[in-house]
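Just one chain follows, in the form predicted alone, and it is written as structure tokens.
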């Protein structure tokens, strides 16, 4: 069986690494990425499968092109692109600045779009099963206070998934997204460890637990597989039931 060739942005830790690990367990050939040098991830994954690392800043068009060009050169083919590299900005509304907007949108939206563009150019007409997966958020649908830039950038990813799915369908490229809820990663741990925060969040999650990065990895493998061959333009929310819940009428204790 031909091994999938998979490239994943922002994948040396957190959700991106968990996605890479899930694909590695399936025997996929990998190219992982970060804007910083990698000292561990590629070596660890390399014990499971073929794995390469490409350092590139996914917030720029040139960085996106560099990543895809190098990934294609290393693997000789690309079947799956996972757009995962991202950032968030949570500040009081009155403290918002233009550079915060540019930083978030350049990485969270522009990087996704132009990586997808570069990837699609590498997919040959006769190639079967190519797909793109974009990591969104429950914030693609529901807003948080003082998270205007992040929320709106993740909302843009929801529509990016749908628009790319339509635009790339005639090339045989499926495009889907994953919208994680509260997942404990190096980026979220600092906030989760603040007094009372973890308990407050857990109380609002119907399944009663904080998500783990590995909860996302399996979903990415599924969406890239032949089992999902008729799925495109969809966002799969993995959130413990967060966005399914309406306001509760139960009296406060």
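Predicted model, so just to flag it, every value in this text is computed and none were measured. Residue numbers count along the first chain shown, from 1.
This protein has a second form, the form predicted in complex with a small molecule, left out of what is shown; the following refers to that one.
- When contacts are judged by a 4.5 Å heavy atom cut-off, residue 130 does not count as touching the small molecule in the predicted complex.
- Contact annotation for residue 177: none of its heavy atoms lies within 4.5 Å of the small molecule in the predicted complex.
- Though the partner is left out of this view, residue 150 does reach within 4.5 Å of the small molecule in the predicted complex, counting heavy atoms only.
- Among heavy atoms of residue 245, none comes within 4.5 Å of the small molecule in the predicted complex.
- With the partner omitted here, the residue from 48, 61, 187, 207 that has a non-hydrogen atom within 4.5 angstroms of the small molecule in the predicted complex is 187.
- Note on the interface: of 195-203, 50-58, 22-30, 222-230, the segment with non-hydrogen atoms within 4.5 angstroms of the small molecule in the predicted complex is 50-58.
- Relative to the small molecule in the predicted complex, residues 12, 107 and 181 are all within 4.5 Å by at least one heavy atom.
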